[in-house]
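Presented below, as C-alpha cells, is a lone chain in the form predicted on its own.
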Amino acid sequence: MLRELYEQLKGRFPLGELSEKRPDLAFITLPREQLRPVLLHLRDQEGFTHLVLLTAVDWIEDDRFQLTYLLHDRQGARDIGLRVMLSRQAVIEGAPMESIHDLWPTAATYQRELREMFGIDFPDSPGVNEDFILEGWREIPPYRRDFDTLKYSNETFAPRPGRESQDPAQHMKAQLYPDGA
C-alpha cells in the first residue's frame, strides 16, 4: 500500500530508503532539502493532513541527529514517517532546520521542545527562543547523548538521606521477604 506511494514519490523527488513496518506504516529517509516539497505533496495531494508528531534521535555513534515527521492520512487509515538526518556537529555549531509551523501550527510546540532538549534550531518558529520546559537551563541540551546526567546530578543536588543507590533486585527481595525467607 505505501510502497506504491513511495515509488510514485521517488519518481518526483530524490528519496532515500523505504522502511515498511506494517501495511499501513512506513518510513522514508530523505535529504533535508526535500522535506518541505515532500511534506506539501503528501499533505495537499495524498491526504496526509495530520502531523502526528515531530521527534528526534541522537545517533551519537554516527555523528548525526535524526528528525522524524510522522503524518497520518485519516481517509486512507495510513501513516508515513519522513526521516531527515542532520550532521550532529552542524547542529551543535548552530546550523538551523527549516520550520514547518506554517504547514501545521502544532509543529511550533514540537520545534520548541526539540530546540530545548536537543539544541536543534528552528529560527522562524514562534516562541522557539523562549524557555519552554527547562526554565533557566544553561547546560548542554539534556536529551543529547553526551549529556552526563550523573555528573549534573552530583554537581547540582546536595547529597541527602534517601538518595543512596541500591541494587534493585536485592532491594526488592528485602522488601518482599524482610525475614530473609
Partner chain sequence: MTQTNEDLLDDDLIEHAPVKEELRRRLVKGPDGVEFEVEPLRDYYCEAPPTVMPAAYSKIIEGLFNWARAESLWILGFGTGCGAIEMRPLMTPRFDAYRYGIQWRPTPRQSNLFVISGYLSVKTLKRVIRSYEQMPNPKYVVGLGSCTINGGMYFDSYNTITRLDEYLPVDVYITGCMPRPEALLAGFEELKRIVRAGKGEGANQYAERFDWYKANQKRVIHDWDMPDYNW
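This one's a predicted model, so the numbers in the text were calculated from it and none came from an experiment. Numbering follows the first chain given and starts at 1.
Although it is not shown, the form predicted in complex with its partner chain is what the next lines describe.
J.: Please run the contact check for residue 49 against its partner chain in the model of the complex: heavy atoms, 4.5 angstroms, yes or no?
T.: No.
J.: Taking the shortest heavy atom distance, is residue 165 within 4.5 Å of its partner chain in the model of the complex?
T.: Contact check for residue 165: yes, within 4.5 Å of its partner chain in the model of the complex.
J.: Considering only heavy atoms, tell me if residue 142 and its partner chain come within 4.5 Å of each other in the model of the complex.
T.: Output for residue 142 is yes: heavy atoms within 4.5 Å of its partner chain.
J.: Considering only heavy atoms, tell me if residue 169 and its partner chain come within 4.5 Å of each other in the model of the complex.
T.: No - in the model of the complex, heavy atoms of residue 169 and its partner chain never come within 4.5 Å of each other.
J.: On the criterion of a non-hydrogen atom at 4.5 angstroms or closer, are 1, 24 and 33 all touching its partner chain in the model of the complex?
T.: Zero of three within 4.5 Å in the model of the complex.
J.: Which one, 24-32, 38-46, 132-140, 58-66, holds residues whose non-hydrogen atoms are within 4.5 Å of its partner chain in the model of the complex?
T.: Only one stretch passes the 4.5 Å heavy-atom test: 132-140.
J.: Listed by sequence position, which residues of 62-83 have a non-hydrogen atom within 4.5 angstroms of its partner chain in the model of the complex?
T.: Sequence-ordered list is empty.
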